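In C-alpha cells, the next block holds one chain alone, the form predicted alone.
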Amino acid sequence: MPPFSQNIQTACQLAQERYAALGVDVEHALKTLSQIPISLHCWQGDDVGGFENFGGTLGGGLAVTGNYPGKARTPDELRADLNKALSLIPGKHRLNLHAFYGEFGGKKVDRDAIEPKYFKNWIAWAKQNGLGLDFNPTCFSHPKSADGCTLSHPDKGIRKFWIEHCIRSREIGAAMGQALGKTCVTNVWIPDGMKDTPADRVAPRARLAESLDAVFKKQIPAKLNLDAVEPKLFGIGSESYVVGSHEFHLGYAISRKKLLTLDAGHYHPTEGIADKISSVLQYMPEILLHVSRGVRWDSDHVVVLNDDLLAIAREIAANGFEKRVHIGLDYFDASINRVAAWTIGTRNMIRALLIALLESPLIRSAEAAGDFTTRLALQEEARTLPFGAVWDYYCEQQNVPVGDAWLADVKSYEKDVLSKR
C-alpha cells in the first residue's frame, strides 16, 4: 500500500476513535452516504444552451456569466465531460436533463412534439454507467416564451403549446424510469411573471392552476415518474410578480399530491431553505431540492461548503430524510472550467452530507434533556472534529482522487480535450 494511502487510513482510524467517543459510527455514516445520489445538472456543461435546432435565446430570468473555453457543443462532448466529472466524484449518482438537450438529428422538432426517442442516447449512456435520469420541460429560450409567459399566458393557444410540451416531458420521464429501473423526477419550472406591478394577480394564477391540472391529468405510476413543481421569488424580467410563487406551488403540491421543489436561490437573499425541509415534509411524503448558491440574488454560483449548505445537509441527515428528499444541483458558471464546477459543487454537497451524518447523537440528547448549554458547546466543538480525514478515506474507498488531486486531472483534460474545441 502506498505511503499516502497508509497515512489516510491511519488518520481515518484516529478520527473514528474520536467520533466513537461521541457515539458516532463512522462506518455506518459512510455506508449511508454511499447510498445518497446527487442529481448533476447537465446545463452546467454548455451554459444552458441545449441541442435543439429551433431558435430562441436564453431568457426567462436566466443569465450565464463568462466565456471560459471548452464549452460542450454536442451531446457526445457533454457526455464526455460528464464522464470526466463523475470519475472525480465519490459515489453513484444521477443526471438531470432539460428537454432541449434531446438529439433531434438536425431536424426542427418543436417542443410540443418531443418524444422519448430523442433521448435514447442519454438513456443508453445512463444505463451503461448505472445512473438514474431526471427530467425538466424547458419553458424558456423559445419564441413562444419570449414575453416571459407560458402556462399562465392569456393566449389559450400558447398555453396549449406549453401544456403539450409538459405532458410530453412527463412521458419522457416515465420512459426513462422504465428503461433504467430508477424513478425519474420530472420538475416543472416556468418563468411566468411581470417586470412591473401587475393590476391582476389572480387571473394568471388561476390559468396556471388550470394548465398544471391539464399537464398532470394522465396518471403515471410513481415507480416510473414523480412530478415536482418549482416556485420562485423573482427573476430577471419578473422582479415585481411571479405567478408560480412559493405559496402558490406549496398549496398546489399539497392539494394535488406533487413534490415541491425547494431551490436554494429562489428565496429572499437572507432566507435559507434548510428550515423549510422539515416544515413541508410534515404534509408531503417527498420533496425535490435544487441546491445552488445565490449571491445577493438567484445568481446560481457554484455550491461551496458554507453554512447554508451545511444546514441543508443536516436537516436531511439528522432527520433521516435521505429517502424522502431528492437532491439535485442547479448552478451554471461559465467563468471557470465547467468540469471543475461540477466537481467542486458535487463534492461539496457530498462532503456536507458526510459532516451531517457524523453529528454526535449527544447533541440531540442534550436538547431533549433541556440542557441547551451542552447542546451549544457540542455543536461548536463539532466544527473542528476531523471530518476531513474521514472524507479523504471515503474518496479513496470510492476510487476517486483525494484532496485537490482531482484538479490535476481536470487540468490535463482541459489541455488534451477542452482546449481543442
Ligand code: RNT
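Keep in mind the model is a prediction, meaning the values are calculated, not measured. Numbering starts at 1 and follows the sequence shown.
Below, we refer to the form predicted together with this ligand, which is not included among the displayed structures.
- The three residues 140, 263 and 298 all sit with a heavy atom within 4.5 Å of this ligand in the model of the complex.
- Heavy atoms within 4.5 Å of this ligand in the model of the complex are found in exactly one of 87-95, 312-320, 202-210, 228-236, that being 228-236.
- Shown alone here, residue 134 lies farther than 4.5 Å from this ligand in the model of the complex, counting heavy atoms only.
- The shortest heavy atom separation between residue 290 and this ligand in the model of the complex is within 4.5 Å.
- Under a 4.5 angstroms non-hydrogen atom cutoff, this ligand in the model of the complex lacks residue 352 among its neighbouring residues.
- This ligand in the model of the complex comes within 4.5 Å of a heavy atom belonging to residue 48.
- The contact with this ligand in the model of the complex, taken as any heavy atom within 4.5 Å, belongs to 332 out of 119, 342, 332, 162.
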